[in-house]
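In structure tokens, one chain follows: the form predicted on its own.
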Amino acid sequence: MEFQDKVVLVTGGTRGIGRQISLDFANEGAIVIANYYHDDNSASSLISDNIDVYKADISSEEEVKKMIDDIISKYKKIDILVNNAGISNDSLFEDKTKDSFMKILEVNLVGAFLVSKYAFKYMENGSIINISSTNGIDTNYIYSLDYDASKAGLISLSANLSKLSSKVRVNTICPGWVDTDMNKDMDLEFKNEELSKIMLNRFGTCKEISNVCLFLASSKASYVNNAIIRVDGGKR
């Protein structure tokens, strides 16, 4: 199998898109460490022979450093890093605060920087995949301006990381609307309005995002570096 015995770290790896990515890498023979922070039940239900879970707040440099140290102590290497963890806080512009804005940046952007920083020196012929969003490119939304800024920053972070080493490829996936818990309670009128803008007339699935992630991490993408791949069904 393509990823037999590869060590894969997936942040936010126990729910939604991250959970699917963790499962798919494990099914391909990888040893997966699924990072999480809040949901112990989702994490414990994911544990298997190929999947371990690790609770850590990726916005904390101390916790990130300990997580990487513990992974290296146990597995000796990290071959693939998927920076997937992300939070959002849709709210009125006037209701946003510096603290709430900074919390989004600390998890979505600074967290990806910290995990990449401490994992990078242990990666040889490796791959980093950052899960951004089309909101970081051109589907901006005033209620999530903090989230959008963090995802635009993540694209920039990817570009810079891709120049650090010829042995570690760094690429970015920008999903559009995906059926996850984050939008399960979406207003139906708003959802239909958004569907009308998508050429395929549906939201994506976690599996469809994971498929692209596994491709980018594979030998089939050996000449793909600093790419930004939209996975949005053809947003109009």
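This is a predicted model, so every value here is computed, not measured. In this text, residue numbers run from 1 along the sequence as written.
In what follows, reference is made to the form predicted together with nicotinamide-adenine-dinucleotide (NAD), a form of this protein that is not presented.
Q: Work out which of the listed stretches, 187 to 195, 164 to 172, 57 to 65, 44 to 52, brings a heavy atom within 4.5 angstroms of nicotinamide-adenine-dinucleotide (NAD) in the predicted bound form.
A: Result for this chain: 57 to 65.
Q: My question is simply whether Ser210 lines the interface with nicotinamide-adenine-dinucleotide (NAD) in the predicted bound form - judged by any non-hydrogen atom within 4.5 Å.
A: Flag for Ser210 set to no.
Q: Can you check whether Ile31 is within 4.5 Å of nicotinamide-adenine-dinucleotide (NAD) in the predicted bound form, heavy atom basis?
A: Contact check for Ile31: no, nothing within 4.5 Å of nicotinamide-adenine-dinucleotide (NAD) in the predicted bound form.
Q: Is His38 a contact residue for nicotinamide-adenine-dinucleotide (NAD) in the predicted bound form, using a 4.5 Å heavy atom cut-off?
A: Yes, contact at 4.5 Å.
Q: Against nicotinamide-adenine-dinucleotide (NAD) in the predicted bound form, would Met182 count as a contact residue? Criterion: heavy atoms within 4.5 Å.
A: Result yes; Met182 sits at the interface with nicotinamide-adenine-dinucleotide (NAD) in the predicted bound form.
Q: For the three residues Phe113, Ser127 and Arg230, which mark the spot I'm curious about, does each lie within 4.5 Å of nicotinamide-adenine-dinucleotide (NAD) in the predicted bound form through at least one heavy atom?
A: Not a single residue of the candidate spot has a heavy atom within 4.5 Å of nicotinamide-adenine-dinucleotide (NAD) in the predicted bound form.
Q: Of the options Ile71, Ile87, Met123, Ala149, which one has a non-hydrogen atom that comes within 4.5 Å of nicotinamide-adenine-dinucleotide (NAD) in the predicted bound form?
A: Contact with nicotinamide-adenine-dinucleotide (NAD) in the predicted bound form is made by Ile87 alone.
Q: Find the only residue in Leu145, Leu157, Val107, Ile137 having a heavy atom within 4.5 Å of nicotinamide-adenine-dinucleotide (NAD) in the predicted bound form.
A: Exactly one residue meets the criterion: Val107.
Q: Only counting heavy atoms and a 4.5 Å limit, does any residue of 127 to 141 reach nicotinamide-adenine-dinucleotide (NAD) in the predicted bound form, and if so which ones?
A: Contacting residues: Ile131, Ser132, Ser133.
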